[in-house]
Each structure stands twice: as structure tokens, then as C-alpha cells.
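Just the one chain here, laid out as C-alpha cells, in the form predicted alone.
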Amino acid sequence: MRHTDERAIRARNESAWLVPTGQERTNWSLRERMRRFDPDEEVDVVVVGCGAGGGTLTQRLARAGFRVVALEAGPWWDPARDWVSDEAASHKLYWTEPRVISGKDPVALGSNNSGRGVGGSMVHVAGYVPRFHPSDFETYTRDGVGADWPISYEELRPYYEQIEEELPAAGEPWPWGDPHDYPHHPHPLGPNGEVFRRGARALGLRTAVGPVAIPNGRFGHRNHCIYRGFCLQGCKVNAKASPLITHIPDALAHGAEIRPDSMVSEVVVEHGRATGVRYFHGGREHFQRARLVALAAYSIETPRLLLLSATPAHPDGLCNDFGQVGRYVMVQGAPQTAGRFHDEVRMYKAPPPEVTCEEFYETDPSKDYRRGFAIQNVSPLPITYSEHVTAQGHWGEVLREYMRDYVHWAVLGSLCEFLPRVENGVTLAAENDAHGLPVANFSYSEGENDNKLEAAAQAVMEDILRAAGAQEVITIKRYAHLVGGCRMAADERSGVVDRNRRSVAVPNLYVTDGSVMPTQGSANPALTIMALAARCADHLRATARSGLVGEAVRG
């Protein structure tokens, strides 16, 4: 375990001490005293999106003295008021604005891959924060598939370590990829995790507990996890980390302004440089002038915004001179297998991701597919679990019987590294949204390697549950975690941004969300997105100090 000086953590991110004590969950004084820039004032940076990428970038730049305004399309949540122990009532956390889905294997958008509001989708993810492996950064060189990143794992390692300490992350020492440990000890296992470990041991598979962005114990003024099982519906006690309670409050304390309910419609470019963004708020269109624009609006909305921002000089959309905007959007195959046990399991009584196995993460030369998958235990609540049952064709009395049996089931989930394909991506649809702007059309089709990988993951999960004593197993195929669409690359013909997330077409326009990722690994992407944003912030600080950015930002 790392033994990190608490003073050093607090010096870097004070948000855990900014949470109110007592029953209150929101620091209203901090929000009310927030710095507010004049509407006509030119700020140093305007950030679009307050999720993993945008929240981290805003916090880092505010601490460095930049004048930052962050715009978020969704609301500013209050955990005590807005988040409830009700699965159906939590759907407001998702992005439910209209989108068109198409392709051979259309991907449903919403609960497991999209968020709306300050904090982004991290407010309703399970809090699982594994690192990518070194191999993820050079899949083409190693395995002949995907694409190599223009940066290496070694360049990102110190930022992984920073973010793990700031969340902070809890877990057992990690044996896979680049072996490392975590700031907090792992959480105690719930019954679902015990089932997973029992089955994995019977098959000779290594497992590890964590890592989750939930401190094991009280951290600052944040409460201990109470194991209520509603991590995906918003952590009501502020135990689970998300930008809403970690990096955004810290950004406010250092002079940033957050504007919720502000839907950005256009990046404005004049004489080859971004001069700010237009956005809708309160039914009116506004303009925020800025020396630098950073987009962190998600793998659907960031490409859409660039396409909506076409100019005579860029008729096909900003940064799209070589047709790369919206290309190579990826989803992870995320099949889930449920097993029925004689004894009660009550899988919901713990954070959903407790135990992980990454034994199948890397390419196995003996298999007829490339790359791999990871397995976690997951704990769907009853409505989501019912989707597993109906996917088997069960309705009526049979469905009711399965639902009455809910407490006897355990569920494993896999994340499969589906490969980037140029035809999978975002374009503008013929339909318009409430502001009269074309919505995104996301087209997706699986490849042969994806099909084989998903089948292999399903087989392993079913074997693990049977080895643990399951009397029946059922599997549902699904997707999770969108990334790509504005990939970073070593040359302008192969991507949208360079290794520092600076766009190749507009020198003071950056992209700092998961859309820049050339490949996606078999790991949840949130930690990597935050690490990339932290690295981008260091780049901007360094260039501002050296004068290389010039008039784009103020040092």
C-alpha cells in the first residue's frame, strides 16, 4: 500500500474537506460564492462539459490561475435532494435527449454509457477505476490490430497515480499490466464477490478486489460507504468519487465558474482561431468569448459539436479536413452472465464492482481472435436484472417467478475490447433537437473479431459461475463505455488531435474527453480520461509559462 501524506493529498485536492459536515451533502456556500465572469468578458479558457475530462481540466487550470468557465448541458445535482434509492427515478441522470442509432448492431444510449449534469456519467457509474495496460498503447505494434497511441503508458503513469490518490482509489495490489498498489485497502467483499472468487479459485484463475473510487473509511468530510448498492444511481452519501464532489468543488474554490443547463451549439472560429462558443441557457442563445476552447462533451456530443461548427473554411465541420471527426467510435462488449444459487446471495449489498479477473486481458496467440477481456462481478438492481430474464424470452408468470427469486442470483460482467472500425461513428442526422440543431446519428456494427471475443468472455463467465455452484446460468449481450470519435494521432491525416489533445486544424482548440482515445482496452475508461485531462493541463501550463501558446492563453 502507498503511504501518502494526507497533507500532500489535501494540498493537491481539498474537495474532501469542502464537503459539509453533518447531514448536508452540498456545499451551498461554495456554489453561491462562486466567481462569476461578466458575459462580455473574455476568459482564458472555456471548457465544454463537466465530466471526467472537463471536470479534471477545469480544476487543474483553475489551480494554475487560469480564468476558466465550464459549461454543462445538464443540471447541477444535489445528492441529498436529487438522488434516491429508487432505480426507476434515477433515469434523470442519463442523457435522454434524442439521438439516432443505426448500423448492423445499433447501440442503445443512456443508462450505461451516457450522462447529463455536472459530474457527467461518473455520477452514475459503478466507481470502478482500473488503469489501462501498457499493451493498450501499442496494439498495432504488438498485435497487428487497432492503432498505436501517440503517447506511451509510461508518460501517463504519473497521472494515473495522481488521480488514484485524489479520488482516492481502494483495492488490492494489482498483479496485471503494470503491477501497482492503491492508496486505500480494499473494501470487504459482499456475497456476489465471494461467489466470483469461489468459482475463479476452482478454475485456477487469479482475482483481485477493486479498484473502486470509494475510500475505505472516512476521507476528509466524505462519509464511509454504507454499501446500499445504488452506486449506479448516484451516491447519496458522497462516498463514491465523481467530479461533482471531487474536482468541481476544488475548481470553485480556486476561482472557476460552472454554468449548468448550458447547451453549447457552436465553436466560433474567426481568422483560423477559436474565439469562444455559442450556447443556449434559459431559452436564449449566449456567447462566451475565450482565448482557448476545450471540448469534453463525450464521444457523441463532441464530434457532433465539431460537425455543427462548420465554416466556409471548414465546410465539413471543424477539424474534419481529412474526414476523421466522428470516426472510430468504440463501445466495449459488455455481456453479463447471471447464475442461480441455492443459498441467498443478495448481490446488491456491496459496491457493484468488487472482484476483477484480468487473466484474459492480453492477446493469447493460441486463440483465433486478438486482444482480450476483463471480468468483474456486477450487481444489477431488480429492473436491470429483469432485462436479463426478458432477454431469454421469459414473460408473464415465468418472469414474475424469476423476479421473486432475485436474491438467489449472482451476476458477472465482462468488458471486451472491441476494435476500432472506421465506419463506426457519429454523423449529423436529419432530425433536429429542441434548439433546431441536427441530432447525432451513431452508427455501429461489430466485426468478426468482436463476435469471437464476446463469445469467449461469455464462456468463461458461465464456467466461473458453474464452478461456484450455480444451478442455472443465463447471459445477456450488451454494450458499455463509448470512446473515440476524435482520436489522437501522430499525424493530421490519421486523427483529430495531437498527442497533447490540441486539434490539428484550430491551434487553440483542444479535446479532453474519451473521444480522443485511439483504442479502448478492456478497462473502464474514466481513470484514463481523467489522467489524460490532467496531462493536458500540465501541457497548457507549461506552454503558457514558456509563451508558446501566445495569445491563446494567459500565463
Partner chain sequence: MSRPDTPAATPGGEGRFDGYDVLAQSPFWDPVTAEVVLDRTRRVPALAFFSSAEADVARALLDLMLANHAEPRVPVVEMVDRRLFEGETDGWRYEDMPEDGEAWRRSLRFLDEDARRAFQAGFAHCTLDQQGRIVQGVQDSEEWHGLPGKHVWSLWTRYGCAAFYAHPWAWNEIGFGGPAYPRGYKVLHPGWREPFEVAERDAEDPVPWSERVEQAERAHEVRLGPRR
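Just so it is clear, the structure is predicted and the values come from calculations on it, not from any experiment. Numbering follows the first chain given and starts at 1.
Just so it is clear, the following notes concern the form predicted in complex with its partner chain, a form of the same protein that is not shown.
What stretch, of 402-410, 361-369, 329-337, 118-126, brings heavy atoms to within 4.5 Å of its partner chain in the predicted complex?
-> Answer to the contact question: 402-410.
- prompt: Taking T275, E285 and C319 together, does each of them reach its partner chain in the predicted complex with some heavy atom inside 4.5 Å?
  reply: No, none of the three is in contact.
Does Y160 make contact with its partner chain in the predicted complex, using a 4.5 Å heavy atom cut-off? No, Y160 stays farther than 4.5 Å from its partner chain in the predicted complex.
inquiry  = Does any part of D86 reach within 4.5 Å of its partner chain in the predicted complex? Heavy atoms only, please.
reply    = So D86 counts as contacting its partner chain.
Under a 4.5 Å heavy atom criterion, is T390 part of the interface with its partner chain in the predicted complex? Yes, contact at 4.5 Å.
Against its partner chain in the predicted complex, would P106 count as a contact residue? Criterion: heavy atoms within 4.5 Å.
Flag for P106 set to yes.
Q.
I need to confirm a contact call. Of S152, T96, S445, T311, which residue comes within 4.5 Å of its partner chain in the predicted complex, counting heavy atoms only?
A. Selected option: T96.
Among the candidate residues I226, A434, A459, A202, which is the single one with a non-hydrogen atom no more than 4.5 Å from its partner chain in the predicted complex?
-> Answer to the contact question: I226.
Taking its partner chain as it sits in the predicted complex, which residues of 362-401 have a non-hydrogen atom within 4.5 Å of it? Please list them. Going through 362-401 in order - heavy atoms within 4.5 Å of its partner chain in the predicted complex - the hits are L381, P382, I383, S386, T390, G393, H394, W395, G396, E397, V398, L399, R400, E401.
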